[in-house]
Ligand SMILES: Cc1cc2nc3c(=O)[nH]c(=O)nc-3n(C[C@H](O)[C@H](O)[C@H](O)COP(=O)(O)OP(=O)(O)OC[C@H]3O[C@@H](n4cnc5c(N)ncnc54)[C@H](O)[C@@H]3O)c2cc1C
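This document starts with one chain, in the form predicted on its own, laid out as structure tokens.
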Amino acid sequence: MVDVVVVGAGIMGSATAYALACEGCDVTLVEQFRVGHCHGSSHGRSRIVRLAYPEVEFVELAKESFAGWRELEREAGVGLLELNGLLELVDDPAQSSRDALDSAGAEYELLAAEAAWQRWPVSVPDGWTALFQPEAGIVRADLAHRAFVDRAQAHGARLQEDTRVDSLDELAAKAVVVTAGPWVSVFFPDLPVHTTRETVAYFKRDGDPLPSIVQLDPVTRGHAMYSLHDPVHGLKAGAHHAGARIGPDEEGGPDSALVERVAEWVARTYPDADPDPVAAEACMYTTTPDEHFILERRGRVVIGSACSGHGFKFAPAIGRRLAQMTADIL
């Protein structure tokens, strides 16, 4: 019997397996597809990393995660973070992350639309404010994911791909960690989550990378649109939480209507980008009502799921927390 089986080798499962293996645990990481597959939530070349959050606990979690990414960079010998800052676009400065950043002692600037335009070729809606936070940019998602898997194996973890788990009872382990993303409801149908298929689009943009952007909805204060650097085409953009509810095993690809909506926003926001998308892809969100994460223990099982479309950046910190919860079982 092994110490731990981690079910799901996406970014959270891989980070957890790495953290457990570093502590000397006997770990098996199980994946129903192949690492890097496009059926879940962890594929793609880039994700936004940022400190700017309206809740101070997320700012602090992001700080911890930045340190974890740097540790992984050093151990893996590969660059993962590309920090060009973040622009948070808000209708009212009170909607921005300034208060949480103040509480956390993080640096930021508030810029009027014209002042932002003078610094970057980015169009901010008239009358809006741009909060610029320098400790932000992208993490090279595919490289980071692979680094967690490779370093977990280097510390002794075993990887089993093309292995679908239908019941946790079949696993001979002292502890089980479920990081199954949109498949978490297969094991725990009582969890308050729903799954959606989201769409991102890619656009040709030359020149130096710009800050990542999140544009907040004036009504909900949630993210409406977002964009970030893509290492191949130059620009990646999407509409946050705009996809249709759908099960993880249902077939489907990018939503053409969402691609059109994103392209219209890119045309308004980036005058130096080609507004005709060169590619689009889909990914799954697994979302809780408050968009916080589920980190929960049930007997010998630890659940780490429901990243609600914004979890990738926190993988180093979440992986450590899930590993600590698992160590309490062993």
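So that there is no doubt, residue numbering starts at 1 and follows the sequence shown. All of these numbers come straight from a predicted model, not from anything done at the bench.
Just so you know, the form predicted together with the named molecule exists too; it's not on screen, but the next bit is about it.
Peer 1: Answer with one of R119, H194, R164, R158: the residue that has a non-hydrogen atom within 4.5 Å of the named molecule in the predicted complex.
Peer 2: The option sitting close enough to the partner is R164.
Peer 1: Heavy atom to heavy atom, is G311 within 4.5 Å of the named molecule in the predicted complex?
Peer 2: It does: once the named molecule is placed as it appears in the predicted complex, G311 has a heavy atom within 4.5 Å of it.
Peer 1: Although the partner isn't part of this model, could you tell me whether P54 comes within 4.5 Å of the named molecule in the predicted complex, counting any heavy atom of the residue?
Peer 2: P54 lies outside the contact set for the named molecule.
Peer 1: Contact between A21 and the named molecule in the predicted complex at 4.5 Å, heavy atoms?
Peer 2: So A21 does not count as contacting the named molecule.
Peer 1: Residue-level contact is defined here as any heavy atom of the residue lying within 4.5 Å of the named molecule in the predicted complex; does G13 satisfy this criterion?
Peer 2: The answer is yes: G13 has a heavy atom within 4.5 Å of the named molecule.
Peer 1: Using heavy atoms only and a 4.5 Å cut-off, decide whether all three of V90, A224 and V262 touch the named molecule in the predicted complex.
Peer 2: Heavy-atom distance to the named molecule in the predicted complex: none of the three under 4.5 Å.
Peer 1: Among 70 to 78, 90 to 98, 164 to 172, 203 to 211, which stretch sits within 4.5 Å of the named molecule in the predicted complex, heavy atoms only?
Peer 2: Looking at the other structure, the answer is 164 to 172.
Peer 1: Is any part of 280 to 304 within 4.5 angstroms of the named molecule in the predicted complex by a non-hydrogen atom, and which residues would that be?
Peer 2: Heavy-atom contacts within 4.5 Å come from C283, M284, Y285.
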